[in-house]
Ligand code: HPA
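Shown next as structure tokens: one chain only, the form predicted on its own.
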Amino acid sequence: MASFHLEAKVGEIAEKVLLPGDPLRAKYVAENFLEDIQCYNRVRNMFGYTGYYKGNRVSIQGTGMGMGSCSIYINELIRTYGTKTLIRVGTCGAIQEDLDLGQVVIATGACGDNSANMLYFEGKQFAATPDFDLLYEAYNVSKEHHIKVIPGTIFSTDSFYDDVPNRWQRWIEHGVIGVEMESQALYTIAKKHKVKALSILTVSDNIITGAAASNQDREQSFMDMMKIALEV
């Protein structure tokens, strides 16, 4: 049995799944970090792999960009394949000047403008937060491996391009440290289905200073967050 967007049979996907937005990052990480890997999904080139890391079975599934796309895969992973732990491993744009490229961020909460959340909660706001045990473990793993991380609130947006001047000023004033496009949906869906979720992000650009990483760095670098996610 497969789901609408994943061709894997039940049992081919592990209970723990890492979720990069970029399917080529899923491919790169599987080929370079996991052993005995199996590619279980090629539908829409949204690659998914299952393998072993230090003897532990883990899957890596690309989700595409945006909350609409990632919500499809998160729902199907949980409902059809029984996934119990989902860890987003992606990039974010910093909106605080002192965050450097390559800095690892652990999202302690996700504000956002997800239209699906607004519809589901009838215009009210839902506090989208990660699983505390995953958050605590990830922070401890980072210290054990001497990887500096910044825990903080991020903003998940439905729109990458807009014409709003000073769009991020209010969020900056309230301590939000980065912007991306998936975590609010991940945390919300995980809470609904009572599974564990966490977002570990790497700063790929700084919206305030204009600094930005290359496309190759986005795909193949930023491995500190992968070490944390795989060790959790």
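Residues carry their position along the shown sequence, with the first being 1. Just so it is clear, the model here is predicted, and its values are computed rather than measured.
Another form exists, predicted together with the named molecule; not displayed. Remarks below refer to it.
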| remark: Here the chain appears without its partner; judged in the model of the complex, the stretch of 23-31, 189-197, 50-58, 203-211 with heavy atoms within 4.5 Å of the named molecule is 203-211
| query | the named molecule isn't shown here, but in the model of the complex which of Thr129, Thr91, Ser71, Thr80 has a heavy atom within 4.5 Å of it? | reply | Thr91
| said: Under a 4.5 angstroms heavy atom criterion, identify the one residue in Ile172, Val179, Met46, Ile37 near the named molecule in the model of the complex. | reply: Val179
| request: For the stretch 111-137, return the residues whose heavy atoms include at least one within 4.5 Å of the named molecule in the model of the complex, in the order they occur. | output: none
